[in-house]
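As structure tokens, one chain now follows by itself in the form predicted alone.
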Amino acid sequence: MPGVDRVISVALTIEQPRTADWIAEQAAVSPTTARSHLERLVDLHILSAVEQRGAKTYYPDAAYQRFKEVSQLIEEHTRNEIETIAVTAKEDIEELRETYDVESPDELRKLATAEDTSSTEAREYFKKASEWDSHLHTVSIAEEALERYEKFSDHYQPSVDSAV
């Protein structure tokens, strides 16, 4: 795999901002090479960069990541499958809401830190709140995929200007 592909692969999978040196080491390229590729990815809005304590760090651009998730969902699923994914995630949210008698993952997290909550219950509440967040994210991505399905699916044909 070429160095640029290794840099992209590492940079798009990091979960927290990382320096060019760290990404270079993971991608097995020189820091100079990594920096060059990373700056190009920032220019293309695939990555974002921020200065932290005198070091520039890189992380996946949130807008790019969201677009990538939406387009991947459209590419890999039919409209009916995406609808099923959204409905299933909504059902899971409803079940969490009913099971814990709260309206949001944040309310569940508040229960976890309540004085009379045991450590076992707290772990469960935090875990379920995280699952709830994940289901909310799934619903959001599925809804956007459904909105854009016709335009981004394989059967979309852009209009051709007859004057060309």
Partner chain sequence: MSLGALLADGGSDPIGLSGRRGRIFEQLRINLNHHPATETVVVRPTRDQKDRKLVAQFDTQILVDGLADADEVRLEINWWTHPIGTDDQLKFHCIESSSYDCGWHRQPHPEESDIPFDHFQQRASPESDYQY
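These numbers were taken from a predicted model, which means no experiment stands behind them. Residue numbers count along the first chain shown, from 1.
Missing here is the form predicted in complex with the partner chain; even so, the following discussion is about that form.
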inquiry  = Does the partner chain, in the predicted bound form, lie within 4.5 angstroms of each residue among Thr19, His45 and Ser104, using heavy atoms as the measure?
reply    = no
query = Would His137 count as touching the partner chain in the predicted bound form under a 4.5 Å heavy atom rule?
reply = yes
inquiry  = Taking the partner chain as it sits in the predicted bound form, is Thr84 in contact with it (heavy atom to heavy atom, 4.5 Å or less)?
reply    = no
task = Please run the contact check for Lys128 against the partner chain in the predicted bound form: heavy atoms, 4.5 angstroms, yes or no?
result = yes
Touches the partner chain in the predicted bound form: Arg40 (any heavy atom, 4.5 Å) = no
inquiry  = If you apply a 4.5 angstroms heavy atom cut-off, which residues in 1 to 32 are near the partner chain in the predicted bound form?
reply    = Met1, Asp5, Ile8, Ser9, Leu12, Thr13, Ile14, Glu15, Gln16, Pro17
inquiry  = I want to verify one pair: Glu75 and Ala27. Are their C-alpha atoms nearer or more distant in the predicted bound form compared with the form I supplied, knowing the change is 3 Å or more?
reply    = farther
key: Cα separation of Glu75 and Ser9 in the predicted bound form versus here, shift of 3 Å or more   = farther
